[in-house]
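Quick setup: one chain, the form predicted on its own, written in structure tokens, and binding and motion questions come after.
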Amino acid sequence: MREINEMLKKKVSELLENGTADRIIGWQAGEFCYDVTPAVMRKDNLDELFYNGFCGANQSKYLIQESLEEGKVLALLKPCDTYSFNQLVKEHRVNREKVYALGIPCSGMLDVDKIKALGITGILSIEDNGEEIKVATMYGDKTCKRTEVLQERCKVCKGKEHKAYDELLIPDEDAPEVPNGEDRFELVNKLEAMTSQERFDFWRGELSKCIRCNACRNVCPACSCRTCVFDNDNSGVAAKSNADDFEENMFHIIRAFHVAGRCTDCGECSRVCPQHIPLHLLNRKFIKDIDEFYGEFQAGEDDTAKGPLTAYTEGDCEPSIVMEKGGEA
């Protein structure tokens, strides 16, 4: 990772110096070593830029606003980010001409909560040594396997190939592999195998934790509306808190339907949820159904193909089939 960091800083400095872009969306360190925040940087504060296993934020979301500003912005896109980038370009939410996309390699992002779940507390610093993670704590050094603390979405990684870029930091074929291989629909299958009451109880238990902080909505690339209905004073639901069970269900179910067919399964919603609600499972359920009803489809695979829910073909599934499936969903 140290070598990648040096290559990245050198390349970014070069691109800003030669005028390819006038600013960059990078990452800044926070109060803790794992508290990493996306930030817009220019030449004068480029020394703050770094890249490590906690730079999980999908930068595509921030390009919605940044591509409206003057000049060209340099975006650092991991392979998974490029799916969201393509989708936003397709929907005309990101001005492609105002973005210089630099594809950067990724070997999987780390989940600090999984590190803490191993009993590692008082964390001072974390060193990523490839297969092993070395953690310096107030109580001495600890180690753990990298595969033990990968983010859930990285275990079902779509691959190291960038689907959109102007330049790659290193060729995709030379980039490290993410040690994935798990079935991303495994938990969806388990939910589908439950009775309707069991599923209801599962989601009531999860959604009852929601504090309506809107972090999931704010970070989601597919939630690209400049003004959300929940921020519209004339909507009747603006800034509405969870008054009852219905409110808790409504917000997340409406949001899941809102992004259906456009969600790239980037997992940002679950990553930022302070209550650890597995919100991505709602989206994956829809993705799985779309695959079954309309054929294999991956949102953001390119920036031109029409989505199955926004294009009609004579082979589309009939409502009766959907209703039959709906009884099991």
Partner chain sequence: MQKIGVFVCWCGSNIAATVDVAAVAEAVKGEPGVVFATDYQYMCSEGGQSLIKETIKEQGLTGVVICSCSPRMHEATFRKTVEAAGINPYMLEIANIREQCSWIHKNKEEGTEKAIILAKAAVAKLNLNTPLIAGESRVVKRALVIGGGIAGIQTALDIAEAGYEVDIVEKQPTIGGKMTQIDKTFPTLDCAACILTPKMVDAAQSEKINIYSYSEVEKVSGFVGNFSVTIKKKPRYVNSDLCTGCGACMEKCPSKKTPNEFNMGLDNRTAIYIPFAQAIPKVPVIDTAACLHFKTGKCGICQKTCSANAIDFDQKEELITKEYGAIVVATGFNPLKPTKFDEYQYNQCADVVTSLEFERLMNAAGPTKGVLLRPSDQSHPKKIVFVQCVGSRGQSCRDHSYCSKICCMYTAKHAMLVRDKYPDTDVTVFYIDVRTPGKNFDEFYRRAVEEYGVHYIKGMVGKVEQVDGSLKVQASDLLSNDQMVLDADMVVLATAVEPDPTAKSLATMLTASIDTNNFFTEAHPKLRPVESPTAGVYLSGVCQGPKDIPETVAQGSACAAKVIGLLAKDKLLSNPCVAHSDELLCNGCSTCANVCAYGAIDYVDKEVNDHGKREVRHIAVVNEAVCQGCGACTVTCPSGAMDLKGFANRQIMAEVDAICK
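On a predicted model such as this, the values are computed, not experimentally measured, just so you know. Numbering follows the first chain given and starts at 1.
Here the subject shifts to the form predicted together with the partner chain, a form of this protein not shown in this document.
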query: Since the chain is shown here on its own, which stretch among 74 to 82, 98 to 106, 163 to 171, 226 to 234 would lie within 4.5 Å of the partner chain in the predicted bound form, judged by heavy atoms?
result: 226 to 234
query: So which of Arg146, His252, Arg93, Lys142 gets a non-hydrogen atom within 4.5 Å of the partner chain in the predicted bound form?
result: Arg93
- prompt: Do Arg262 and the partner chain come within 4.5 Å of each other in the predicted bound form, heavy atoms counted?
  reply: yes
query: Would Lys10 show up as a contact with the partner chain in the predicted bound form if we use heavy atoms at 4.5 Å?
result: no
- request: Using a 4.5 Å heavy atom cut-off, state whether Glu314 contacts the partner chain in the predicted bound form.
  value: yes
- prompt: Is Asn18 a contact residue for the partner chain in the predicted bound form, using a 4.5 Å heavy atom cut-off?
  reply: no
query: Each of Lys114, Asn129 and Lys134 near the partner chain in the predicted bound form, meaning some heavy atom within 4.5 Å?
result: no
query: Is any part of 25 to 39 within 4.5 angstroms of the partner chain in the predicted bound form by a non-hydrogen atom, and which residues would that be?
result: none
